[in-house]
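The data below hold one chain only, encoded as structure tokens and taken in the form predicted on its own.
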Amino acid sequence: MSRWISRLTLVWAVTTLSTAAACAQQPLRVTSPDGRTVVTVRTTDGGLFYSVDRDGEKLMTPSRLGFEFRGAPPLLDGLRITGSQRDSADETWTQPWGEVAKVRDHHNELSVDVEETGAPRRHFQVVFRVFDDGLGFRYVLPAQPALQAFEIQEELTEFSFADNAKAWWIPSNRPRMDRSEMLFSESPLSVLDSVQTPLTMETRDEHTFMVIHEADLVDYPRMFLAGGPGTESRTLRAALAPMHDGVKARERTPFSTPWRTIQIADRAEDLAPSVLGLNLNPPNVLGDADWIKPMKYVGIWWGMHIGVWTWSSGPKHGATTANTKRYIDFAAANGFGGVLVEGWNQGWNGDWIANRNQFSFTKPYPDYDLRGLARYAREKGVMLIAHNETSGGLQNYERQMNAAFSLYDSLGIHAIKTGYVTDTLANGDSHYSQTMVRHQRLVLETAAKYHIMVDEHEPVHDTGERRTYPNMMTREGARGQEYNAWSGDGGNPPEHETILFFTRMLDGPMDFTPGIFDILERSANGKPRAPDEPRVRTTLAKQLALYVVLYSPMQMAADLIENYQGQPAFQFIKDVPVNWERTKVLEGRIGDYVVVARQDRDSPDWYIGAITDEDARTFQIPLDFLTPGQKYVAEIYADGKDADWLTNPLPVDISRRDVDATTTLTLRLAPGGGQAIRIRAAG
């Protein structure tokens, strides 16, 4: 008995000492290369926490890390740090296409080993990478007997902020609907309920901007952010998109989560272009990417939205052989690389969602000659872009995918636009669940085998995978141009694009579909729409500027092609590139205005796009980014006299002037207006 008591006493003493040691463990720190940002990791009362300081001031207070599992104890308490490793990197890599050609990956890394002090003694790592523009961290769960196959009920990652910052957000808790196609709201973060990422915030002193997002999302659900309990909470928690049974992720060790990212900047202008997520993704696995061709395109699309044509077959069917030939001829004559055709394939008749398993991705309607049109397009130097709408019928699409992509490859169709118009998947899983993420990666990998580029609509948001699979060209994932055709609230307000630039656009390219010249949308019934009806709420010059401001390597001239005939302003759309060497944000205030300059990847030319909200604005823009001593000509597309998005949106003043690196341009923007400028080398 005495030996048993002595043994029990020894076990109690060791456990007590271990717990005390865990409480008393020294914190670990890792600093950004410039020394401004410091991440501190520590255990407190058996919990694992991180915090973030910048320039000696607290940005994020201790924020807890951990998991809740189904059918197993949470990985949250009784934790101790058992070791750490450090690393660093400083290298520059080249994008095959993008907002910038060269990307510097300069970071310091801290990997923290963590173990439970009691049974079942599971262990894991949290890896932190700290850059000058922010940080990323992820969980790494090695193979181990106590943690093999498991189900994640919740990821308990917290983001606790020192300041009640202003946030720009869209909700993620709408009943049966977590789409990203909503207008942004602005509020203190303390009142947030459940929101989507990227979540952009500005501290109350206006000295710091932060963006919460994620990177390298492969086999895991999308992360939303949930507000803390009670009022005035400054803590947000990871809220993963669920499957139909409530489980968030089913995994096996070894396993790594996506990176949770916190971008940090002193000014709004410094947020873009964002490369933090790109640097946290693996390098290109496709090798030679010469077959990937950024392009501008036109398409049979806008006419459906304004009621001129239908997706379904019948007397108003848009995807006919004759109509497609018109678009191919127009694209060839005006230097466009592709023609998108929606409604060409069988399955559009009736209720798309109810009939989601009726879509064929190889069989055209009788009035659409797929093979003949593909051949006709090739002869004209143009590529057909095949639309693949699934309405959330993932299994139906996956069954046909190889056959469809093989057919497209044989016909010279090397770009597709996918669609997932549904609130939930066929089995009840969230639109952003692990199921959808896995499907999205399967589409991307399969498309790459057939040298097919992907433009995804109703997508899981961009998390930088375009670095690994550069055939992931662009996606929707926000409220785009089509809402100006039919939305019940009249369309996108003039401030909308100035918010997108600092929120949605920070995760990656967007297929916004700019370029509507028929601003008043007379095309549907021959009459201008009333101010309270759905219509484009910009000036025509702002539609031009969006080609520079809202980045996409596939940019659509979205209007009906007849609306470009005889329009001198159309020249800017023909000229503007879609692939850039450098990008400089010259002016910016979230929700108010953006002025951005980009240099063409294939020439010395620069382009400037400037947009504003409902207020008229004037900017003085020095051209000191131009090559000193070089003479240039600025081709300026400005809002015309008395232009106004509401009452007089169409006037465009086109002018030219000589400029160089010493020139300062005066940009005058009308209410809801913009300005687009091409700066080309003289001579």
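From 1 onward, residues are counted along the sequence shown. Note that the structure is predicted; figures quoted are calculated from it, not measured.
One more form of this protein should be noted, the form predicted together with a small molecule, which is absent from this view; the next part is about it.
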item: Listed residue that, although the small molecule is not shown, lies within 4.5 Å of it in the predicted complex (heavy atoms), from Glu155, Glu482, Glu521, Asp462; value: Glu482
item: Heavy atom within 4.5 Å of the small molecule in the predicted complex - residue from Phe572, Tyr607, Trp301, Phe159; value: Trp301
item: Segment assignment from 301 to 309, 464 to 472, 204 to 212, 118 to 126: heavy atom within 4.5 Å of the small molecule in the predicted complex; value: 301 to 309
item: The small molecule in the predicted complex reached by all of Trp348, Lys417 and Val421, non-hydrogen atom within 4.5 Å; value: yes
item: 4.5 angstroms heavy atom contact with the small molecule in the predicted complex for Arg179; value: no
item: Close approach of Arg589 to the small molecule in the predicted complex, 4.5 Å, heavy atom; value: no
item: 4.5 Å heavy atom contact, Asp216 to the small molecule in the predicted complex; value: no
item: Arg441, heavy atom within 4.5 angstroms of the small molecule in the predicted complex; value: no
